[in-house]
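Below sits a lone chain in structure tokens, taken as the form predicted alone.
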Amino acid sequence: MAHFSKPAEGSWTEHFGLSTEPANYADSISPEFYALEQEAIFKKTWLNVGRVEQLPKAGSFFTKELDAAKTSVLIVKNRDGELRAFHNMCRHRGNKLVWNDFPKAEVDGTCRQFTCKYHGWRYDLDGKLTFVQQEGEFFDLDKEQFGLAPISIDVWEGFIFVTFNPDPQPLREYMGRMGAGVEGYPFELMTQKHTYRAEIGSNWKLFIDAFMEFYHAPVLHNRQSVSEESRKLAKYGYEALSYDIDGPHAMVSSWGGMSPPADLNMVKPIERTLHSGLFGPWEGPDIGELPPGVNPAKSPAWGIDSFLFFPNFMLLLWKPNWYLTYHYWPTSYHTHIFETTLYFAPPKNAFERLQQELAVVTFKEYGLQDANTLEATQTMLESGAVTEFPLCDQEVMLRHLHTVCRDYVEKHLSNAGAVAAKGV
């Protein structure tokens, strides 16, 4: 069932069957709960780790550090053009197989085989063990039994996903109605990318919370607008056009803000000059008709859809025909790595490149404001001075995210209890 406009009666929160009571954020300050999330969520769901453009030819590879799943992943394109995923670990003594100067740093490149730095064992692009140093010293070693440990991998719309679930739901099925609604968007045409990452001192869910509501925008980001526009936003606030829930996934559809503004005096001089800003270049490329799941309210004021594909992959589609991704990779119960990548059609000239650069640096400034606030939030949540917090209707997707996480953990505990009861 799709939800295209605000309910005629009641609220979005009630419409989706969520509690309207004050929320408890114990799930964001508990090491024990985070340990359960690692097992119940990050080792069970599909995780987006990259895009197919990162692997342009046979032998192309990259690694991804997944602390939340307690492993490092090696993604490679084999000689047949197939994508393979493995635990990034040598089968001899467990050394990390692919790394350069710093073991925790992610790397990429092209090679014909992978060689362990410790004792020289070698593996081909399909993960098969092909060479053992002084093989005769081992006892009846069968190299066929000691290839790299595989991980399930699949691709949706050019996005590469892995899962550690031994019996996973098919990826396209996991992406659900919401994923199907954006299939056909020309992601493959937008190969000009700009990426930045930051180590954030907050629980991973708190940053998702920040990007799934716009209630904070007129206050936190007030100084990013010209004074007259700031006063308007502060007075009238900001309300989304539509919300939607699809199983564990969620989305927020929002109006178009300043892209382009009706009055050029609404924006800063640099934005007037470059015709760009927070919402990207005002004159985007022609990409034809948008998929049906984009701008579900079909509002002429639409500007952006923010899709959260559970647990930690956000996809944002913008009216001027570009997109960005957010990833939130937990490293502990109160720290995570935040990554964002902005994707544009390759610029045809220097002016278009400057338009894109302005959007990139503007986003970085907004992101830093959010991140700084979240670290302050985490600090005070951990004080335990207050445990119940009222949420407004614009924060409906926050309620949904934390409810889904608790449901996954409870299901995991229930299944573990059932197995223990059977003595398995």
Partner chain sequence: MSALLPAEFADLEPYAADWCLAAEPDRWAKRLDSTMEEMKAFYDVCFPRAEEAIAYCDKFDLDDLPDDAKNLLHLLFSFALVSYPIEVWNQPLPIDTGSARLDRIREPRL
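Bear in mind the structure is a predicted one, so any value in this text is a computation, not a measurement. Residue numbers count along the first chain shown, from 1.
Beyond what is shown, the protein has a form predicted together with its partner chain; the following relates to that form.
This chain is drawn without its partner chain; in the predicted bound form, the residue among R122, H119, R197, K143 with a heavy atom within 4.5 Å of it is R197. The partner is absent here, but in the predicted bound form a heavy atom of P347, alone among G147, P347, P292, G184, sits within 4.5 Å of its partner chain. Relative to its partner chain in the predicted bound form, residues F338, L358 and F363 are all within 4.5 Å by at least one heavy atom.
In summary, the region of this chain contacting its partner chain in the predicted bound form, judged by heavy atoms within 4.5 Å and restricted to 292-300, 171-179, 135-143, 261-269, corresponds to 261-269. Interface membership of V52, defined by any non-hydrogen atom within 4.5 Å of its partner chain in the predicted bound form, is ruled out. Looking at A385, you'd find every heavy atom of it more than 4.5 angstroms from its partner chain in the predicted bound form. Shown alone here, A371 lies within 4.5 Å of its partner chain in the predicted bound form, counting heavy atoms only. At a distance threshold of 4.5 angstroms between non-hydrogen atoms, Q192 is in contact with its partner chain in the predicted bound form.
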